[in-house]
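Presented below, as C-alpha cells, is a lone chain in the form predicted alone.
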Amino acid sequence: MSDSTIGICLLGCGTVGGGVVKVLREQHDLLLRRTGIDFQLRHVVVKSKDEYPANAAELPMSTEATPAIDDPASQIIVELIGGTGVAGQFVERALKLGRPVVTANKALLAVRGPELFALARQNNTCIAFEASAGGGIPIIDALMRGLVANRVDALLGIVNGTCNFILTKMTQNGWGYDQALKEAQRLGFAEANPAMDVSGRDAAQKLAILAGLAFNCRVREEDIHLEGIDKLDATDLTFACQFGYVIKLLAIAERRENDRISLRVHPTLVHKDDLLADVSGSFNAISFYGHALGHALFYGRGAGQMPTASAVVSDIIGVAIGTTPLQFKHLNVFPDKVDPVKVLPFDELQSRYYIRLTAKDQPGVLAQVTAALGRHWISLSAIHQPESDANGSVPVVITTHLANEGAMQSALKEIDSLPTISAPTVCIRIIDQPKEFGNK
C-alpha cells in the first residue's frame, strides 16, 4: 500500500482490541514519523452495544460487521474476535474483497489455515498473524525473515502463559494444581473455563502454526501428540526439583531421522541449567535450533493486552508499508504452498523418562519393576525411594536413559499390572539440556 492514510477496520474490541486502539491513538504521531503513514480507525465493531468500551464515544463504534468490512475506507481488516465461527466468516468476506487481514486467531488458522491462505492468494491479498503465537514475541517475523536461511532442527518452548503461571506457583509455593489454577483465575491469567489452556490445546494450535513455518510443511492440530497439565500432581514437581529439574508444559517440534518431525505438547522435566527452566509466571520463551545460527532463545510476554497489541500493530504496519504482501507472495512457507508434515509416530519417539510408581512396601518389588523395564530394553539412570507412609505404600521415583516411547508404554502396562503396585504409574518425559549449556 502506498496511501499516506490507511483506514483500519477493527473487528472485536475486547482486551486485545482495546490495546490496539490504545496504541493506534496514543502512538499516532510516533507511527506517522516512523512510517510516513497516517493510521486511522474507520470502524470498531463489536457484537452488541453492551460490549462498547468505556471510551466508545471517542471511537467509530458499530455492531454491524458486514458494512464495515465492505466500506472502501477499510483498507486493512483486523480480526480480534477469536474462534472459528463468525470470525471465520468475516475473514473470508474480507479476503474475497481483496482486503488484507491481520489476525491473532490461532484457532482459526490451525483449523482453516490452508483454505484461508489460498483464498487470500486468489484475491491478491495477504494474511498477517504475528499475534497468533507468542503474544508480543516476534517469533513469526523471525522465522520468515531473520532465520529463513537456516535448516531448522528444533523449535520448542513455553507458549502458554496460563500453564506456565500455574506450574510456577506449584513449584515455588508448593501449591496443588487446584489452588494454583484459582490464583491464575483471580489474577486474570486463566479463563473461568480454562480447558483450552490446561488441556494443552492452545499450545498445540500455536505449535501447528510455528512448526509449519519452521519446517516448511502443513501441520494440523491433529498431528500433535497432546497432554495437558490438569492431571499433574504437586508431588512430581517436588521430586523433579530433587533430581535437578523443573516441570514445564513444552510445545516441541524436532527433526528426526528421514526428515520426519516429532510434534508434541506435554509436561516435561527441564534441567535447571536450561534457560527455559528460569521462565516463570505468564512469560513465554521459544528455543530455536538452526544449522547455521545454532541456538537462539526468544523470550517475552506471551499474552496480555499491550504485548499482543504490539504484535497486531506491527502486522498492520507490515501490511501498510508492503513488506508483508511481498513475503506472502514470494515465500513458500505458508500452509497453502507446502506439503503435509511427515510426522514421526509418537510411539517411535526416543526420550528420557521420569517415572513415579506407588508400591507396597514389600521385599522384591523394585526387582519386579526393574525386570519389567529391562525386558523392554529400558536402562535406568537413577532411583529414589523415600520412607513408606502409614498405609505401607512407598513412592519409587526412577529416571531412565534414552528409551523408546512404545517400549515405555508397554513396560508401564506391565508394571501397573503387578499386584504390588497400588496406583497408576506416573510417567513424564525429560528433555535434555541444549548442547550449548553442556560445558558450563
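Quick note: we count residues from 1 along the sequence shown, nothing fancier. Remember, predicted model here, so these are calculated numbers, not experimental data.
Unshown form predicted in complex with another copy of the chain; subsequent notes refer to it.
Asker: Looking in the model of the complex, is another copy of the chain within 4.5 Å of a heavy atom from each of 267, 349 and 370?
Answerer: Per the other structure, none of 267, 349 and 370 touch another copy of the chain.
Asker: Taking another copy of the chain in the model of the complex as the reference, which of 283, 177, 243, 117 has a non-hydrogen atom within 4.5 Å?
Answerer: Result of the distance check: 283.
Asker: Since exactly one of 111, 343, 333, 87 fits, which has a heavy atom within 4.5 Å of another copy of the chain in the model of the complex?
Answerer: When another copy of the chain is considered in the model of the complex, the option within 4.5 Å is 333.
Asker: Heavy atoms within 4.5 Å of another copy of the chain in the model of the complex: which stretch in 199-207, 118-126, 132-140, 67-75 meets that?
Answerer: Contact criterion met by 132-140 only.
Asker: Can residue 192 be called a contact residue for another copy of the chain in the model of the complex at 4.5 Å between heavy atoms?
Answerer: Looking in the model of the complex, residue contacts with another copy of the chain do not include residue 192, since no heavy atom lies within 4.5 Å.
Asker: Mark residue 317 yes when one of its heavy atoms lies within 4.5 Å of a heavy atom of another copy of the chain in the model of the complex, and no otherwise.
Answerer: Close contact exists here: in the model of the complex, residue 317 approaches another copy of the chain to within 4.5 Å, heavy atoms only.
Asker: Please determine whether residue 34 contacts another copy of the chain in the model of the complex, using a 4.5 Å cut-off between heavy atoms.
Answerer: Result yes; residue 34 sits at the interface with another copy of the chain in the model of the complex.
Asker: How about residue 171 - does it come within 4.5 Å of another copy of the chain in the model of the complex, if we only consider non-hydrogen atoms?
Answerer: Outside the cut-off, so no.
Asker: Only counting heavy atoms and a 4.5 Å limit, does any residue of 290-312 reach another copy of the chain in the model of the complex, and if so which ones?
Answerer: Residues within 4.5 Å: 291, 292, 293, 295, 296, 297, 298, 299, 300, 301, 306, 307, 310.
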